[in-house]
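Only one chain is included here, represented as structure tokens and corresponding to the form predicted on its own.
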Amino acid sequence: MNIAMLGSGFIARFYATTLHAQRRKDRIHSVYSRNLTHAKTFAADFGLERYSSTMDEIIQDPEVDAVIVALPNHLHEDAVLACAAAGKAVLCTKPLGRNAAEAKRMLEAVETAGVFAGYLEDLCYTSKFLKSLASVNAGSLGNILWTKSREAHPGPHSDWFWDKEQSGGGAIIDLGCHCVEIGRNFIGKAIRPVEVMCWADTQVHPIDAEDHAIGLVRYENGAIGQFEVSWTFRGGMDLRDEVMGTEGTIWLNSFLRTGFEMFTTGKGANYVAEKAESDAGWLFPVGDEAHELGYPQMFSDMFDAMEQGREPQETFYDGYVVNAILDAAFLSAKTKKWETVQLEDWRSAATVAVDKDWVSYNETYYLIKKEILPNGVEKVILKDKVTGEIRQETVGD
């Protein structure tokens, strides 16, 4: 693939480094930036043939097979619509839109144009996540009851993130999009998100947007997806996920603790890891940062899907659903109430079972819990199926 990169900043460089690493065959052909000097520097750094400060010139180049949108949030819609009009495959970084209305217009544009569209949600492609998801899908955890996803760090790296109008919000739109989509994958994308309860506040930074938020997303089958996001966390970037099911649990630590710890006085200071706040003392570097964040796996899925004529794991429709959930979170943070997720376009026809499948101990009782006591005795806690009485028995009595 010959790829056009729209954007020359932090995430564009992460993408470019990933795409040009390890002898990958898909290469960046050209770059657009609103600042021509930045475009020229980016092109020189990555050995690109072309650069421009005119977006349409880069998108409409007949040598370009696919376009990556790595621009600030408020520019996503215009870029995607331009790609659709040019008939070019488009991959858009997260979040898809600043809100569900923007995301829906982008979704409709690419579908009307019949072009390939992928949602670049990297944290749904990390090796740990993919293996965990395979275990969940295989039934290893039983029915998923609750998920929790946390992303917290001292705050983003570019000025536009901190501008509510350009970004669409604060920590919720920046980090919550990751956390919500991680939860959707574990709970099941065919399960409809119903309502959201969210607390948010601006605790540290002099901005109009929230810099800290916690939310609960209730799904139609009763499962709960919890997200914790913050731009107030000190000590680096904390990425953690938890999944709880009727038959098991998964805990993931994807970044802050990766098994690589180093102490230094600061001599020879260098880059440590994304959002690291210090280059002295005990540090937690990341061996292959792009891989730990899921970028190589994400692009492999995207370009394989393009060649194979299938949808990627993460689509523009997923981005639209995430935006709708976040819209409800923003509203809930204002009203202090559960707010309905407004999905004008819900595409799953999955039947949701709401009946509880209680485990029978025998004809008389349901089994609540079985445990081994410190003295080795096995005990069961039971509920009478008729009267509702709860009692306990020692097995063997």
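Since the structure is predicted, the reported quantities are computational estimates derived from the model, not experimental observations. When you see a residue number, it is the position in the sequence shown, counting from 1.
Below, we refer to the form predicted together with another copy of the chain, which is not included among the displayed structures.
Out of 311, 288, 78, 111, which one falls within 4.5 Å of another copy of the chain in the model of the complex, going by heavy atoms?
By the 4.5 Å heavy-atom cutoff, the listed residue in contact is 288.
So which of 297, 99, 315, 167 reaches within 4.5 angstroms of another copy of the chain in the model of the complex, heavy atom to heavy atom?
When another copy of the chain is considered in the model of the complex, the option within 4.5 Å is 297.
Establish, in the model of the complex, whether 263, 368 and 371 all lie within 4.5 Å of another copy of the chain, using non-hydrogen atoms for the distance.
Yes: each residue has a heavy atom within 4.5 Å of the partner.
Examine residue 192 and determine whether its closest non-hydrogen atom to another copy of the chain in the model of the complex is within 4.5 angstroms.
No, no contact at 4.5 Å.
My question is simply whether residue 104 lines the interface with another copy of the chain in the model of the complex - judged by any non-hydrogen atom within 4.5 Å.
Heavy-atom contact with another copy of the chain at 4.5 Å: absent for residue 104.
Can residue 358 be called a contact residue for another copy of the chain in the model of the complex at 4.5 Å between heavy atoms?
Within the cut-off, so yes.
Test of understanding: in the model of the complex, would residue 230 fall inside 4.5 Å of another copy of the chain by heavy atoms?
Result yes; residue 230 sits at the interface with another copy of the chain in the model of the complex.
I need the one stretch from 115-123, 320-328, 70-78, 140-148 whose residues put non-hydrogen atoms within 4.5 angstroms of another copy of the chain in the model of the complex.
Heavy atoms within 4.5 Å of another copy of the chain in the model of the complex occur in 140-148.
What residues in 192-228 sit within 4.5 Å of another copy of the chain in the model of the complex, counting heavy atoms only?
The stretch touches the partner through 195, 197, 199, 201, 202, 203, 204, 205, 206, 207, 208, 212, 214, 216, 218, 222, 223, 224, 226, 228.
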